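Below you'll find only one chain, the form predicted alone, shown as structure tokens.
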């Protein structure tokens, strides 16, 4: 019998914005998970280095989700040396919480590249997936997901209603001293301003 269901949402979160918040909240609701765990990457393996330090990105995540029921942020990847691989994070979480049914939350674009990830075969065979379609990305559909190796009995595709927010645009605005209202939570905007992030 399956244990309690948890959505695991990882990313660089540079910064964590309102689009990310929408994904976390609606993915949790969409798979009827008890909680969604937001896991900022320490060192992203497949992207350019993060612009903000890991500790600041974690704090922005925590500030953004504070007061939102069912959301929690983990520092698991920030405590690990070297690149942050999803398979290692999911193995660690499965070992720490053997009673939980763990679901990896992936955006459509990330899902299309999963076969190039470290341990992708184990990841696809062992864990559940919530594939999310949101504004600004080409939607992924069931047939494509199956062709990519996602198992039909362990995968759900969710439509997420979210603002079309870009972390790149937020960083540009922050560098120019422009307002970030409507892009990030007010608490995140304050952290960015107080610490001079992305300047």
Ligand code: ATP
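Residue numbers count along the first chain shown, from 1. Source: prediction; values computed, not measured.
The form predicted together with the ligand is left out here; the points below concern that form.
Partner proximity in the model of the complex, defined as non-hydrogen atoms within 4.5 angstroms of the ligand, places exactly one of 142-150, 165-173, 60-68, 29-37 at the interface: 165-173. Interface residue among 92, 122, 115, 109, judged by heavy atoms within 4.5 Å of the ligand in the model of the complex: 109.
Using a 4.5 Å cutoff between non-hydrogen atoms, residue 23 counts as a contact of the ligand in the model of the complex.
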